[in-house]
Each structure stands twice: as C-alpha cells, then as structure tokens.
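We begin with a single chain expressed as structure tokens, specifically the form predicted alone.
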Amino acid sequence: MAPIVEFKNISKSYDGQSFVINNLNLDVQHGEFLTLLGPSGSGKTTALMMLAGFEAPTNGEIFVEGRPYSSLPPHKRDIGVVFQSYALFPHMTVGDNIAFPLQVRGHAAQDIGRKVAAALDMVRLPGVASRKPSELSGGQQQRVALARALVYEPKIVLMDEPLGALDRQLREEMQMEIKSIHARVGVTFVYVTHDQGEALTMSDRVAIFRRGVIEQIADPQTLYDRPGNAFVATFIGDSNLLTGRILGRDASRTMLEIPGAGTIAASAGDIGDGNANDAYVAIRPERILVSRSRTEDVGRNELSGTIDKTIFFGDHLKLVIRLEGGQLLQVKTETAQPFQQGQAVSASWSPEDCIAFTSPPANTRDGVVQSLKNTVAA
C-alpha cells in the first residue's frame, strides 16, 4: 500500500542561508504511530508544522494520499493538530471547543451534538461538555484537545510535544491513553517529542532527527538494540561509549583494543570503509554483568576495573566502574547487590550486546563522547 504521507526532497530555510530541514525524504504509513524524535533544533517540529500547513517548504513537496499539499491552507488539509499548550478557547465550554472544527467545516447542527458526545466518550470524559477548560485538570484539558482533533475524523493527527506540560505520573498515564485511542480509531498519528522514553513506549516507528536530517528510522526495539551510529546509540536510552583501536574486522565482527584495559569483540555497526583505526563501542548498562573476580568465560568480553561510584535509583543500582586505562563504564544492577565504592570488579558482556562504530567528525563536533563522559563523571 502506498504511504499516506510522503515528504519528497523537503528543505526549509528561514534566512535563505542555513537549513533547519535539509533534503528530507520520509514516508508515513496508513494507520501507523510515527514519532519524530530529536534534540532541540533538530528540525522535528518544523517538519510537523510543514505537514500541518503552518510553515511552507523552501524546496520539495509534501504529498498526502498522492495529492500535493504544500499550497493548501491548514483548514483544507483534513489534519487534526494537538499542541503542548492545548490551545483551547478559554471563553468557550468544552463542548463548544470540540464542536468548533465541525462548525467551521459546515457539519449539520443535528450531528454536532452527537459527535461531540462520542468524542468525549472516546477520551473518557463524559459529562464535562458544559464546563470551561479552566475547570479541568491539565490531563483532562489535553484529552479535550485530543477529542477536538479527532471529532471530525481527520485522516491524520499531528501532536507537538502534547504531554510536555504534565507531571511525570500524569504524563505516563496519558501516554498509555493516547496509544489506546490510536489503536481504537486507527487514524495515522505523527507525534513530536524530545523524550526518548515517550517515543519508545508509544510508537510503531521512530525517526531520529539531527541537524535537519533523519539519522535513523526504525521500530523502537531496533533503535534500542541496533542503533545505526554513535549518535543514535547515545541519544536513545542510556548507553556506554568506549573508545578503542580496531585490530581486525569482518562483515559481522570487529576486534578492538580498549587502551589500558584489554581486547574485546563487538558486532560490526557503522565502521566506514575499512580505513579507520579508531572506533567507539556502544554497550547498554543493563547488558553488563559485574562480578568480584574474573569469570574467564571465553565467549564474553571481560574487562577489569574499580567501582568509582554507586548511585541508588530505587528499582536498580547504577555502578560507575573505572576501567584499567581510565575509561568509565555505567552498569545497572539489582539494588541488593553488595557493591561498594573502591571495590575491584570485573565487567563482562556478550559481543552481540555491543556495537562498534567509527568516529564520524560530526559526532565529535556534537560532543557526544565528551558529554557522556561528563555525565558519568559528575
């Protein structure tokens, strides 16, 4: 089936010199929940606003169901939009807020009341139509904003940081609620967030934006387990990034020396054309096992070090291990483990649980490695 949305060679510049979106090509499938994820200034919100019609591309074209959309005004795009600020009319009742998009589209008066009631039932807010938005909690207002976006049955719903103003517990509840609503109505959702956990929890696919381009697009598990480069590995979830020297490689495995610590094997990720000598190795903290002495398991990587810090997180304990040679390694382990600062330990993990990447200059400019080291050392 052809995608419902197609970004074709889309670029966007506000000053005519620099591009916040640079030659973007992206397909959105019918009925999927696609999240645009990235740091501030990466272009994700600009891409959403161009699809909504609030911004125009500098170059390229956006197609919806094969129809060019760039010249259409927002009210003719059959797209619902939910903002972080809710954007509800404070002087109008909840029912009138939800009815508004039906009224401007010329729906019959006898149908509006029925559709408003159905939309409120869908977001589990029956009986609040006569209230003003100010009489509702933040989570309830966000549900009203979602009901307003869905009430006229648009082809696509766009959501721009919709949960950013909510506290953590309510945000997590709304994540599940939005995902449940998406499953029931089957409408295509395009969602923007900078929250990695939110993206992994809610999405069918996630597009990682950086500097106006997509670094990787995949389902959440693939992004987490098989990141395409060092930026994605460190941006999605917690990840260690060790520096090493390549000793040898083939199509699936790279052998590396970690200076002062020893030799390890890693799955081959983005390791360039074979001329690079230096590489990064990404390992998730929960994939590492810590023991008081070396296991000498020939099937696993194993490096020795000393516990630099122990940090209690309630459901887990984070250990910061200073490896021989000075590099730092974060490990998540059970809180009952009796590890102490200054204790000599061995850290081991499977070669399949770490990925080798060469060091593209752009990653160094972004300070990916340095920021990670600063975070661990803090």
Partner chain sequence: MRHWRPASDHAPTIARDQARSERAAKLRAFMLIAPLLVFLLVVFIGPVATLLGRSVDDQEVAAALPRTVTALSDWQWGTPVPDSAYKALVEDLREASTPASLASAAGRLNYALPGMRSQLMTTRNRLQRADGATSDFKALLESLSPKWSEPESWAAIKQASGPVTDFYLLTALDMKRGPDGSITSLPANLSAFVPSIVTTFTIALTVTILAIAFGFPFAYLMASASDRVAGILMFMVLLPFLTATMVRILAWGILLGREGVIKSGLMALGLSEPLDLLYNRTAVNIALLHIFVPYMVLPLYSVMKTVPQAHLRAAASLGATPLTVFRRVYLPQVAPGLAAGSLLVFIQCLGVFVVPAILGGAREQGLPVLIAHYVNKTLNWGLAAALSVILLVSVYLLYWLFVKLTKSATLSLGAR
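Nothing here was measured: the structure is a model prediction, and the numbers come from that model. Positions refer to the first chain, counted from 1.
Although it is not shown, the form predicted in complex with the partner chain is what the next lines describe.
For the partner chain in the predicted bound form, the listed stretch (311-319, 332-340, 47-55, 34-42) containing residues with heavy atoms inside 4.5 Å is 47-55. The closest non-hydrogen atom of R105 lies within 4.5 Å of the partner chain in the predicted bound form.
Put simply, P74 is close to the partner chain in the predicted bound form: some heavy atom of it is within 4.5 Å. For the chain shown alone, G113 is not a contact residue for the partner chain in the predicted bound form, no non-hydrogen atom being within 4.5 angstroms. When the partner chain is considered in the predicted bound form, M159 lies well away from it, no heavy atom lying within 4.5 Å. I79 is the sole member of A207, I79, L303, L125 with a non-hydrogen atom lying within 4.5 angstroms of the partner chain in the predicted bound form.
Note on the partner interface in the predicted bound form: the residue among G228, P285, P101, G262 having a heavy atom within 4.5 angstroms of the partner chain is P101.
Heavy atoms of no residue among R143, Q169 and K179 are located within 4.5 Å of the partner chain in the predicted bound form. Contacts with the partner chain in the predicted bound form, taken as any heavy atom within 4.5 Å, map within 67-89 to P74, H75, I79, V81, F83, S85, A87, L88, F89.
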